[in-house]
Each structure stands twice: as structure tokens, then as C-alpha cells.
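Listed next as C-alpha cells: two forms of one protein chain, kept apart as structure 1 and structure 2.
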Structure 1
């Protein structure tokens, strides 16, 4: 059995629905189908999820929501008409949206989650109906029926451990093609709760782990995963195969083709993932596996991200002070701030965090506590940092990777503000000024490829 997930661009229009159905019916093993909400049909189009967020904001703020509501319905009308489905579907979608708005009008978080989830939910219903019109046995399965039990934090769902057994029990022995909406589950309290954006990847991975699929196929709009952002480098190298660890590092650092939280369920079950193109399904795509044979290239990919800042702390004899690091991280924990990296020296330490986490007065409180509780000599925040990651399992057995990277950045006139490498040696991170991130990424790509 295979679990197959189709992203927003793959289900954005009637024509894309037809491509998806052809792909599903071309392989009898493709039994579990996960769909996103309709994505962009062209570059200046808007995603359905963004339209639904606009609708939720209009309702919550008491503004006229008729235009936003009409924009949502127009997209569904186009799909229903283009696929020659019964017009009844449009009326049902409209009624369900109206009932959701009436139920949660005065609960903004639940309203937002329920309306966002409706994009995937309605698309799954339409996909199951369309495949049925082609003479195939297909069924819509709600996440509740499938066993997707999640935590109860709106917009930030986490799958509960017992869900995997429930999913296997619910789905494994069912007949026909099962179409399941991505992006959300149900809490024990019965609420719809969405995963973070990109959460349909997470749903697909969870279902694959739950039914113990032989493969999880993730269809998107590119032939494969590339070694670098193709918007920055012309004709970049395609990655034919990479490991879970390599994909995790690249996804963390900005590779948008696969959500970085989506690998965990399949990683634990060692289920291979294949990223393929809905518009070019015959292309082999990129395989993500637990281990791979060396291919002669120590680096598999280079990625970058912006929006970081560094809390830089200096204290004489810091290295001899027991518990200093623990107390520092407790201050961040008290403010619900997660850290990304902690490069350090004998008398200094830097904590790298996402800049948005220091908003709403948190920065001032943190700096005050560091000064008064840790009695440091100096503390300041350095802003506008970007991170460039060089990733590859082969780096651990290759001499001179750091030197090669440093030379490439030096020749491009880029000042390295920080270097960090984990003990696994799967990745090496370079901190640079964020305005030089793209230039740094390009320089490193040409050095290694």
C-alpha cells in the first residue's frame, strides 16, 4: 500500500484534479490519498487557505464578509463545474461554511482553525466524488473517522501517540480508495485543530506511519528536490536520493518543498518517501531514505533562511561557573522561547533564536534577567542574521569542507559572523548578515557543485 499526498498546486483547478485522478488510478497500490486545499492556479493567484484566513478575519472583526465569502465559493464553483460534479456540492459547501461561521463567530481561534481546515476538507470530498465518477470505488474519510487524534492548541496541533494505532485499525482493512483531508485532526474534546502551515505533509506522514505503508509519495510541482533554490541558481543539480537527516536539515534551513515536521513519523517507521511532480509524474523524483550509498559528493544540498538574532553574553570565567548554561536557558524557557543554536567560547556564549520570539516585551525582560540573575559582564542582541546550511552525510568523512566553504565566502566578500557544526557532522551552519544570505548561498553552491 502507498500513501499519496497532493499539494495545493496539484489540486488547484479542474485540470489538476484530472491529473491527480490519473496518477492515483495508474498504480493500484495508491490506496490512501491526502489532499491539500486548492493552491495557486497561476503566479498572481491566491491560495484557498489565504482566502479562508481573510474570511475568518472579516467575521472575527465584525466587517462585511460577503466579498471574502464569495471569493471562496467561486473557487469551489469552478472545480465543481469543471469536473461536471453535481451542483449539490456547491450548496453543501456553502451551508457548511455558514454553519461554521455561525458556531464560532465569537471564538476567533476556533473560527480560524475550522475555516482553514474546510479548504482541505471540501477538496477531499470533491476528489472522492470525482474519482467515483470515473467508475472507481472511492470514499471520503474525515480525520476524526481516520483516528487523527491531536492536541488541543489551535493552529499548532501535535499528533498524540495513540493516534497511530487508531489509524491502522480504522483504515488498513477498508476497501476502495480512501481520500483524507490534510492539515488538521480532532482533539479529544472534539474540536478541529490545524497543524502549522504546510501541515498536509504532516498528515500524509502520519497516515503512512499508521497504516505502515510501503512508501509515502509526496506530489508537488517540481520534478525533484534541488541542491539549492532554483530561483537563485540556474539549472541547479537535482537530488536523486537523500537521507531523513539530510532532508530534516535542509527543510529546517528553508527548503519549502517538504515541511520539516513531516519526516518524524516516517523516520521512526523507516518508510521511504518519494517527492514527485504532479505535472510530470513519469519523472523519478527524489527519494528520502534512512541510509544511502555515497555518490562521490560530500555535500547534498545548500539552504538558507533569514529572520534570526543572537543574544551575545560575556562573563569572565564563565566556563568555571556551574549551572550557568542551565540558568540561561531557563530564562528563555520561562518566556516560552526555543533556541536554535548555542555556539560558545570559554568566556562567552551566544544563543540564536528566531527574531519574532523576542517581540511583545520579551527581549527587555530577558536582558534584564540575564544581567541581574547571571551577573554577566556584557549582554546585547545582534539582529538581522541569516543562516546558510551546507548539508551532506558525506561531510563527516571528507577533509577540508570547512576550509572550502570559508574560502568561497571570503572570495565573495562575505564576513562570517558565526560557524556551528553538530556532532553528527551532517551539516555546517554559517551565520552572515541577512542581506548577504543569497550571495553566500550562491557562492557555496558553486564551490561544492
Structure 2
């Protein structure tokens, strides 16, 4: 059995609903369907979730909410009418929204979470109803019924460990196609609590792990994951297959296909993920797997990101000082700074961090602490660094990858400020000046693809 998740643009309009239904009905293994709230129908459209946030804000701030309310209802109206569903659905949605507003008018966080969640929830109800009209047995299943128990942090839910077993028990043996809203779960106290944004991916991943699906299909609006950000390089190569590790390295820097933590549940169960296009379902898509056969291409993709800085520390005989690195990291941890890499020489170490973490006086305090607590000879911050990551399993075992990459950068006149490649690694990181990141990305892309 497969878990199939449809993103916002896949369920944005009656036409998209029809495509989704066709996809679901085309494969009998597609049993667990996760839907997002209606997304954008065109470039200048607004997402349902944004409309709902606007509605929640209007209510909470005591402003006139009728326009916001109307724009929410309009979207549902369009879907119900377009799919010739019973008009009753519209009035039911309207009544539910009004009840939610009445109940949480003075509890802004719950109001926000409940209204946001309604985007997915109502869409799931409509999808189940629509599939039923096509003659297939299909049911809406609420996250509560499904067993999606989460922590009680509005807007930042985390799945509880016991949820997976509950999900398996409650869903595995049910008949028909089950349509489950993404993006939220229920706390033990019975509250609706939403995941961080992009959370429908999380729901799909959790359900897939809970029912031990053979595959987690993730339908979005692109044919595949690309080897480089298509906004930066025109018509980049499609990736047919990549490993979780490769996905993580790419997702880190400039690839926003998945929410950071979304794949963790399927990763742990080694369930393959397939990214496909709702608008072009016959394209093979991209498979994300726990291990893959070498395909002759050591590099699978190239990612980039900007806005880093490097804290550069020098101390004579540093490498003879047991505990130096640990004490340095302790200072950063103490200041709630997370770091990316720590390239080091004999008497020097650089700590690469995202620059925004050093704002509001933190930089001065950290430099001061490094000076006085570690008695270093010199410490300074280098700003405006970017990183380009060349990613691929098996890269580490291929002679000449570093040469090819370094040559491409040298030929483009780009100075490499840092390099980081570990023994078991699937990526090679090049630190360059921020302003040269896009050039570096392009040069590397053309070298490897």
C-alpha cells in the first residue's frame, strides 16, 4: 500500500481535484491520501492558508472579518460547485468556521491553529466526497481518529512516539480509500495543533511510517527534483533517484522540496519516497531511497546558500591543547549558536555559522568569551560567505572529483576560501564570497552535468 500526499497546488481548484482523483484511482495501492489546503491557482493567487491566517488575525484583533471570511468561503464554493458536490458541504464548512471563531475568539493561538488546520481538514472532506461520487469507496479520516497525537505547542507540533503504533492500528485494516488532512494533529488534551509550515509533508511521512507503506508518493507541481536550483540554472538535469543522505545535503542549501524534518519518519523505516507531478503524473519523478546502485555519475546535485560567516581563531600550539575544540563549541552552545562546519589547521580553527545568529551584540560577546576563556592569540569574524555543495554518494570514491570542481571554480576566477570534505561524506563544500555563489554554482553545474 502507498501513502500519497498532494501539495497545495495539486488541490487548488476543481480541475486539480479531478487530476488528483484520477491519480488515486489509477493505482489500487494508493490507499492513504493526504491533502493540503488549496494552494495557488496561478502566480498572483493567494493560498487558502494565508487567507485563513488573515481571517484569524482579523478576528483576534477585533477587526471586521467579513471580507476575509468571504474570500475563504469563495474558494470552497468554487471547488464544491466545480465538482458538482452537494451544496450542503458549503454551508457545513461555513458553520464549522463560525463555530471555531466563536469558540476561540479570545484565544488567539488556538484560533490560529484551528483556522489554519481547517484548510486541510475541509479539503480532505471534499476530496473524500468527490472520490465517492466517482463510484469508489472513500472516507474522510480525521487526524484524531487516525491516531496523530502530537505535542501541545500551537504552530509547532511534534509527533509523539506512540502515534506510529496508534496510526497502524487505526488505519491498517480499514476498507476503502482513506483521505486524511495534512498539517495538524491532536494533542492529548484534544486540541488541534499544527505542524510547522510545510507540515503536510510531515503528516504524509508519519502516516507512511505508521502504516508501514511500501512507498510514500509526494505529488507536487514539478516533474522531479533537479540537480540544481532551476531558478539559478536554466533547464537543469532531472534526478531520477537519490538517497536520503543526498536529499538532506541538497535540502540544506537552496533546495526547498521538502521540509527539513519531514522525511525523518520514513527515513527510519527505510520507506522509499517518490516525488511526482500532479500535472504530469506519467513522468517518472524522483525516487528518494535509503541506498541506490551507482549509476556512473558520482555527483547527483549541486546546492548553494548565502549569508554565512566564519569565526576564525588562532592560538599557538592549539592542537596540543586537549579540550580546546570542546570548550569552543561549549561557548557557542551556551550562546545558542548552531554551527555548520569547523575546518581546522594545526593552530587555527574556523567555525562557520549563519550570520544572522551573530546579531544583537552576540558577536561581541562571543568574541570576548573566546578571547578570555580560551586565551587565543587572535579571533576575528569574516563575513559575507557563501557555500556551494557538490553532492553525491560514491563521490568520495572517485578520483578527480575535487580536481574537476576546483578547476571549474578556478576557471571562473572564483577564490575558494574554504573546503570541507570528510571521509564518509556525500558532499564536498566550497566556501566562496557571497557575491560569487551563483557564478560558482553555475560553473560547477556545467562541470558535472
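The shown structure was predicted, so the numbers you read here are calculated from the model rather than taken from an experiment. In this text, the rigid core denotes the largest set of C-alpha atoms whose superposition between the two forms falls within 1.5 Å. Positions refer to the first chain, counted from 1.
Chemist: For this pair of chain forms, which number matches the form predicted together with another copy of the chain?
Modeler: Answer to the question: structure 2 is the form predicted together with another copy of the chain, whereas structure 1 comes from elsewhere.
Chemist: Does the distance between the two CA positions of residue 110 reach 2 Å or more between structures 1 and 2, the core being superposed?
Modeler: No; residue 110 is a residue whose C-alpha shifts by less than 2 Å between structures 1 and 2 when the cores are overlaid.
Chemist: Relative to the superposed rigid core, does the CA atom of residue 354 travel 2 Å or more between structures 1 and 2?
Modeler: It does shift by 2 Å or more.
Chemist: Determine whether the C-alpha of residue 222 shifts by 2 Å or more between structures 1 and 2 once the rigid core is superposed.
Modeler: It does not, since the residue 222 C-alpha is displaced less than 2 Å between structures 1 and 2 after the core fit.
Chemist: Superpose the two forms on the rigid core, then give the C-alpha shift of residue 379 between structures 1 and 2 in Å.
Modeler: Comparing between structures 1 and 2 after core fitting, residue 379 shifts 8.2 Å at its C-alpha.
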